[in-house]
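Below you'll find only one chain, the form predicted alone, shown as structure tokens.
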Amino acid sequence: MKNLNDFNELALGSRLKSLSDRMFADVDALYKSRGIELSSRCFASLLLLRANGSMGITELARQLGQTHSAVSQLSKTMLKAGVIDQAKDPSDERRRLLQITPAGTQLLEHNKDLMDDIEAALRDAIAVTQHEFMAALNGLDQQLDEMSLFDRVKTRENARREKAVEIIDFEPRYRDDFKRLNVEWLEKYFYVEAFDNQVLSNPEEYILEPGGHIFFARLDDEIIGTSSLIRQEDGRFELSKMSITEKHQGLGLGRKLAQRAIEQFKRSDSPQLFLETNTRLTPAIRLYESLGFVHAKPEVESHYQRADVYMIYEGD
């Protein structure tokens, strides 16, 4: 039968919790052998309060790596035991400051030998493993401070999903997705103008038949993004109708879709590629600039009321 040890890092949290519970239980038993009824979970707080003086619950929780609620409950236990007291912060009467009492200091001093023995026993147990356990634990703690486990996992997940995304050409079965994605984007940032509705409802007539192109980002048979090249009467191409569904943003799909459109433009006989956007869309403008678009004066009046930025492609 397998146990948690067989799952390595995947079970690290559970194993650390189990190790922590085991150690607290043993230390509780040691304190009780001395007639101390106070939970061993209180002693880290007492040590911090003795070393730092008065501390608010928020700061104490941060130092302990625990929730505000958990430390608040722990403080009630220590207040009842008389090892700490509390006072209002002179600079903010809404904030409570905790401080160790003489009884709490005496408790630590009278049991220093026991705490020294606990520290030495753990140091011996760690030494037998021949690993720099405390250094590794401190290093892990620091790494998770710099970037949480949640963010680390999401970064890997996004990288994996980004690799799985396909950029494909228009297919009639995805016609409704083209409109859905663009309406979702327009309603979030602006509103659907009359010309938007015409183009989105009839993409074949307004985009494909005049010689344009529509591209889709597909992930596991789900259409999650789109962009298009709309051919103008003078032969120029407009990069337009680019939208990524909100739950799949952060995968670099805007860049992928824009690059696909640029590649198509380069293979064409079109004299110019341009786009129109809005000053509110700063991340999009930075993306276009990084792809080789430069700001310019519009050559003709825009179809869209929202357009106040005009850019032309001049190459990577």
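Since the model is a prediction, treat every value here as computed from it, not as a measurement. All residue numbers refer to positions in the sequence shown, first residue = 1.
Another form exists, predicted in complex with the DNA; not displayed. Remarks below refer to it.
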Are all three residues 199, 259 and 266 in contact with the DNA in the predicted complex, where contact means a non-hydrogen atom within 4.5 Å? no
Quick one: find which of 178 to 186, 122 to 130, 200 to 208, 88 to 96 has residues within 4.5 Å of the DNA in the predicted complex by heavy atom distance. 88 to 96
Counting non-hydrogen atoms within 4.5 angstroms of the DNA in the predicted complex, say which of 54, 63, 278, 39 makes the cut. 39
Picking from 249, 290, 272, 58, the single residue whose non-hydrogen atoms come within 4.5 angstroms of the DNA in the predicted complex is 58
Do residue 72 and the DNA share at least one heavy atom pair within 4.5 Å in the predicted complex? yes
Does at least one non-hydrogen atom of residue 17 fall within 4.5 angstroms of the DNA in the predicted complex? yes
The DNA contact in the predicted complex: residue 163, any heavy atom under 4.5 Å: no
Classify residue 67 as contacting or not contacting the DNA in the predicted complex by the rule of any non-hydrogen atom within 4.5 angstroms, answering yes or no. yes
